[in-house]
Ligand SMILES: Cc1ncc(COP(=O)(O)O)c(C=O)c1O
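First comes one chain, alone, set out as structure tokens in the form predicted on its own.
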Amino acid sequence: MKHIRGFASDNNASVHPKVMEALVNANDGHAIGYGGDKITERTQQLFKKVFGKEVETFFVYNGTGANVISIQALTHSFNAVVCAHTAHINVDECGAPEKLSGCKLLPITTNNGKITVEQISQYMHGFGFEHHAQPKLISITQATELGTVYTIDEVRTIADYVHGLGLYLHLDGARLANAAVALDCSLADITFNAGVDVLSFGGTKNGLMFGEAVVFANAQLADNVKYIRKQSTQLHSKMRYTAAQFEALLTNDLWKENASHANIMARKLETGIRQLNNVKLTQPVDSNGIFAIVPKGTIAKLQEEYFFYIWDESRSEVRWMTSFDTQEEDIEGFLEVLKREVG
């Protein structure tokens, strides 16, 4: 029997009731399209309150679009983007960043999803040499694709290094809220206060129906973004519905409440897993993702009751994600299945 809530992805979660309420409230009469409405204006001001008064925010449909626009805004087609080999832009966006920006991706092999200045420095050569793609942007993910979290100091160290070379720092924040909760810090502290130049701020994985935001540290960096967004087919005509969701998410720290719950559920699952003999955790459980190796032959049986994804089939590694709507009964039920099938 397949249970309603599985552990495949926080993308699979429902829409938070307060976000749904915000959508309903926005659905009242006519409003100017393409961001000229009062809700969008109000929400952009809310982003300034949360992230810093200098930031400029652009709402888009999805995370791939947010990442592509972030890259396009700060690079030329002859530039290169340095990222972890596990980065979403490198693995899960069907080559969209390279196709649409023209930039070459330079992936760094990492065991935990995080990259360091020492690793980045290996690509910091060939400047001014016309035969080499010119490094211009470093992209990190927070929380990473392996569920790990950069500390504020780690982000700042990378930012200081790349800025010293005249480069920019992009942060893929699809699960930024989970990282901020893990570090017990504000969204600003973990991003622009630490030196990030452009942020892809995720909403879909934290209770929204749809929508992400591209946030720039200042207006100068965002000079041509409105044209890039249109060319990238990411300009929503009825933008009030995207903005209304973010307004709900950032009001009264709903983002924090949702992410906190998801992280707590991951910790509960981790605690139960550590009591099992035949499941081996492969990464620290910093946020709402758990990576583990289970005995070969048991995955299909587990998936019959709780859906989740295989991460690395070659070594029987799986990924279990918790969400804002994960319930304790889900954790308890899944642990019972694990005990029965894995031992």
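We number the residues from 1 along the sequence you see. Treat the numbers as computed from the prediction; the structure is a model and nothing was measured.
Keep in mind that the form predicted together with the ligand is missing from the display, and what follows is about it.
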{"item": "Lys205 within 4.5 Å of the ligand in the predicted complex, heavy atoms", "value": "yes"}
{"item": "Contact of Asn62 with the ligand in the predicted complex (heavy atom, 4.5 Å)", "value": "yes"}
{"item": "In the predicted complex, Asn67 touching the ligand (heavy atom, 4.5 Å)", "value": "yes"}
{"item": "Partner contact for Glu98 in the predicted complex: the ligand, 4.5 angstroms, heavy atom", "value": "no"}
{"item": "Among 149-157, 86-94, 73-81, 182-190, the region lying within 4.5 Å of the ligand in the predicted complex by heavy atom distance", "value": "86-94"}
{"item": "Residue among Ala174, Val162, Met239, Leu199 with a heavy atom within 4.5 Å of the ligand in the predicted complex", "value": "Ala174"}
{"item": "Those residues of 138-153 which, in the predicted complex, come within 4.5 Å of the ligand by heavy atom", "value": "Thr141, Glu145"}
